[in-house]
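Shown next as structure tokens: one chain only, the form predicted on its own.
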Amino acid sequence: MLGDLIPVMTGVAMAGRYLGQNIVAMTWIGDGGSSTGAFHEGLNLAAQQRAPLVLIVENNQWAYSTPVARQVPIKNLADRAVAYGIASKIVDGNDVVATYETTKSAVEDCRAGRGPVLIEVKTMRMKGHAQHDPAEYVPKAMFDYWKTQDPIARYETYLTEHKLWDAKKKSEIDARIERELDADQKFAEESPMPPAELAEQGVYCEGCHTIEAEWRRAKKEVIPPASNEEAVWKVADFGAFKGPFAPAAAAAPAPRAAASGGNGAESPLVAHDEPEVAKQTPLRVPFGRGPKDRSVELERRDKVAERPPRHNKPPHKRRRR
């Protein structure tokens, strides 16, 4: 729920690899939940461990009443995978076949040991989050567009065009669905209410059975000292800051006044002119700025400075009091 399954399923994937099982774990999350801490913590763990995890990010366009464009500063949620050094894919979430093929490819990549994969499925939530949410904040034109992209109707068209069914087969499937739904609804409505005493049963284990890990490897292999690892990792240059992100070397500025020693030699302590620091542009945020925001304060100051003097107005335009 809201990202918590990502670290859990990462652990499941790691456990399967540890037990020698070639499994792939999979879970999903919505666009709003992808902004929670559990999403990033779990995805970072999966990336660092190269765990066989497929994460589906369902882009519903709206995180409750907040559009995705006002939630993240990127166009595609799949771009978040770049920060963790893992692969990502984007697919039309209303295309059943494309979603299946993309997911199948991601599972194969994970099973081959290429690490986790993030898949963003572009879709749309056609109703509110709950019965109390009429989703009036969504523009009607947006609903009208996504109605034309209904995944069930598009898949039915696909089946018809590829001659995978006919009208008779479709009617048989529709009838079976209605029959099963009616039977389950009748069973639920005619079932008696459970007694209140059942609410406290099965909550805790009170010695009814023994909880024990199902060891598939010898315990001595997974506990110290057999499980200890020596500190053999080496970091080149001790992690010193070097490489392409260093600023280009500028011409050395002329010294001010070299401090000389008794023999006229220049002292090791020489004062140089500091490079002029460019004026920083105040941070601008797209919405939600308050009167105490520094960008608002500087903006007001600039506007006041640019305002022409009041006495420059012609006499007939001056305000008389």
Ligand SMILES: Cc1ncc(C[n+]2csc(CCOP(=O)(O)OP(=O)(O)O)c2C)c(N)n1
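These numbers were taken from a predicted model, which means no experiment stands behind them. One-based numbering along the sequence shown.
The same protein also exists as the form predicted together with the named molecule; that form is not shown, yet it is the one meant from here on.
Counting only non-hydrogen atoms, which stretch in 88-96, 207-215, 121-129, 108-116 is within 4.5 Å of the named molecule in the predicted complex?
-> Stretch with heavy atoms near the partner: 121-129.
With a 4.5 Å heavy atom cut-off, would you call W62 a contact of the named molecule in the predicted complex?
-> Heavy-atom contact with the named molecule at 4.5 Å: present for W62.
Distance check, L5 to the named molecule in the predicted complex, heavy atom within 4.5 Å = So L5 does not count as contacting the named molecule.
Go through 21-35 residue by residue and record those having a heavy atom within 4.5 Å of the named molecule in the predicted complex; state none if no residue qualifies.
-> Heavy-atom contacts within 4.5 Å come from G30, D31, G32, G33.
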